[in-house]
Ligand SMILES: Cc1cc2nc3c(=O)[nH]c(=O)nc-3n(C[C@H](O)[C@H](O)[C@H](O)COP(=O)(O)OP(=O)(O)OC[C@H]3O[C@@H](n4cnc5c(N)ncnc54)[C@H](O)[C@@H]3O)c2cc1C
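Okay, so here's just one chain, in structure tokens, the form predicted on its own.
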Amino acid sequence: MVDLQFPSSLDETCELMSSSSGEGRIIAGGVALMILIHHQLYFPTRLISIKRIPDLDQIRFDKGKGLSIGALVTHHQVESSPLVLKNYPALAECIHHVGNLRVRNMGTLMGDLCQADNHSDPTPLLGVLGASVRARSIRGERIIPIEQFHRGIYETDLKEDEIATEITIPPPHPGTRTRYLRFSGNSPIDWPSLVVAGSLTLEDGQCRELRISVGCLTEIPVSLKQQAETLKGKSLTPSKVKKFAQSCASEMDLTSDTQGSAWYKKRLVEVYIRRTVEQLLRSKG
């Protein structure tokens, strides 16, 4: 039998998590949790619902601080938010591809991240946006960068007694373009087989900063920081972009499985990285 509790504040939630001896699990929309239960990967005994906690369903934006997305904000709220559409259009586009409308109306973005499925859409893009997760416990709060949040498949950096309360994204840099591309071998609403997210800042026609993150092919997204550094201060000509994509793909450690051979995956990564940079160059924001 499952013990289901409904705290009315974050302080009460933290106390319940602390006293649960590692058995307590947070539930928001419940979509990710139901997937784990359906596949018999998790058998809950104590669930702590945060549905009654005020303000966790809010999206806020400040020009100086950036965007904050509460733990109860659904995917559909994110994709349809005027604040997100205006300031982070690539994020709205990315979230629009998560499942179908029924899933996006129920599931939360934070729940998606905490499930830590390596075939999830948002994580690579949140990585290039510089996002972080705010975690809270009776010991206090801490900020976890997205690139450190996922430790493996279904494994995050959250401690047993912590609750993830908020996603924060810094304000967009003027002139920075952001793009997100996905590939799914089955249908447009299926889990992606590959996700490539990128952001580009140009200065006097040259690359000031390029960020590329590749998801789905490994346990956690691959951030290609070192490879992108080689393009800093250079004009991104077609030949340089092609060579960059080839170099990134060749250095990725991929294995053959039911999704395809390692050779096939490398070719796919190369094509999608090249397309991502080409779209960044053509876009205006």
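Each residue number is its position in the shown sequence, starting from 1. No experiment lies behind these values; they were computed from the predicted model shown.
From this point on, the text means the form predicted together with the named molecule, which you will not see here.
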| query | finding |
| --- | --- |
| Ala71, Gly107 and Pro122 all contacting the named molecule in the predicted complex, non-hydrogen atom within 4.5 Å | yes |
| Residue (of Leu67, Ala245, Leu224, Ala28) lying close to the named molecule in the predicted complex, criterion heavy atoms within 4.5 Å | Ala28 |
| Sole residue of Pro89, Pro192, Pro172, Gly130 within 4.5 Å of the named molecule in the predicted complex, by heavy atom | Pro192 |
| Residue contact check: Leu236 to the named molecule in the predicted complex, 4.5 Å heavy atom | no |
| is_contact(Cys207, the named molecule) in the predicted complex, heavy atom dist at most 4.5 Å | no |
| Exercise: Leu158 in contact with the named molecule in the predicted complex, heavy atom 4.5 Å | yes |
| Contact flag, Ile50 vs the named molecule in the predicted complex, heavy atom cut 4.5 Å | yes |
| Stretch in contact, per heavy atom within 4.5 angstroms of the named molecule in the predicted complex, of 77-85, 138-146, 196-204, 108-116 | 108-116 |
| Residues of stretch 155-181 in contact with the named molecule in the predicted complex (4.5 Å, non-hydrogen atom) | Leu158, Glu162, Ile163, Ala164 |
